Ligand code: ADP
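This document starts with one chain, in the form predicted on its own, laid out as structure tokens.
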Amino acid sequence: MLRLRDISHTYRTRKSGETHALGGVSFDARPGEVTAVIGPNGSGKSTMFGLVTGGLALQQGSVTLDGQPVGGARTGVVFQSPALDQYLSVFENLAYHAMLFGLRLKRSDLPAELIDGLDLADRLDTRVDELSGGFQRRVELAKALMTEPELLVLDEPFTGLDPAVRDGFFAMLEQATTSRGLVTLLVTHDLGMATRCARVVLLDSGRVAADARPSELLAGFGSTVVVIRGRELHGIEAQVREAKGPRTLRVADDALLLCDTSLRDVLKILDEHDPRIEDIEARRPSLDDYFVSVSGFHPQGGIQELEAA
């Protein structure tokens, strides 16, 4: 188990003085599970990534894997920015990475289960710059897994991938995590992918705002939410409250979220032809809804207007 306890980190510069990035962060990530770490810009995700992977020196607290300092663990890392030599083949990239660990890699040494599972067997002689973004990400994952890590840490690995490729990559990641019993830490702002993780840790202003399974975080939203977009939403909110209708969240200037309800029940209160309503839809709740409800932020952007009835 990966265990972070009371982690605090402060950046000090002559120009800006002290910036407190993390303050008293504690959480666990279990083997065989993908744990997502989410948060808005400036929440401390990148600092936490650096402390876990050894890119930053620990100032306060402890980071351990199975009771031992994480610095001594075999760790696989997938960075947000590409870490492949574009002018070398897939095999050459894997071979040079292996050399960093003192291994002289031959083709016969390649783990067939890994290479076949990532569909790279027929692309070993292909130059990386000839691969799609999705396959380049597969090569990054192969590099990280090839040295049999105990801990796998990924920083925004879905950047630039279309939804279908993203889904496929996550499925491979989840399968590798389960079959190898890996402790996998996924730093991401992609809440759709985070919803599929076994556990979610929400960082906000350098502290843990939530740490639970996605189903637990979304329990209060019910099985269905209704989203209303339009004008004069304060008036619509007031109408819902007067009718003692569902709990409402104002999640943007033009969007109102009604929790734990159905479209049929909402339309008993509101007229869908009301000129103030531009669009109305029912859907399952998402981590976007939870994220904004507890922090007032969306992970990819700035502050959202947030009001609760």
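Only a predicted model underlies this, so the values are computations on that prediction, with no experimental measurement involved. Quick note: we count residues from 1 along the sequence shown, nothing fancier.
Beyond what is shown, the protein has a form predicted together with ligand ADP; the following relates to that form.
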#### Entry: The single option of S43, T261, T35, T248 touching ligand ADP in the predicted complex, heavy atom within 4.5 Å
S43
### Query
If you check in the predicted complex, is A21 within 4.5 Å of ligand ADP, heavy atoms only?
yes
### Query
Where does ligand ADP sit in the predicted complex: which of 27-35, 280-288, 44-52, 236-244, heavy atoms within 4.5 Å?
44-52
### Query
Within 113-142, which residues have a heavy atom closer than or equal to 4.5 Å from ligand ADP in the predicted complex?
none
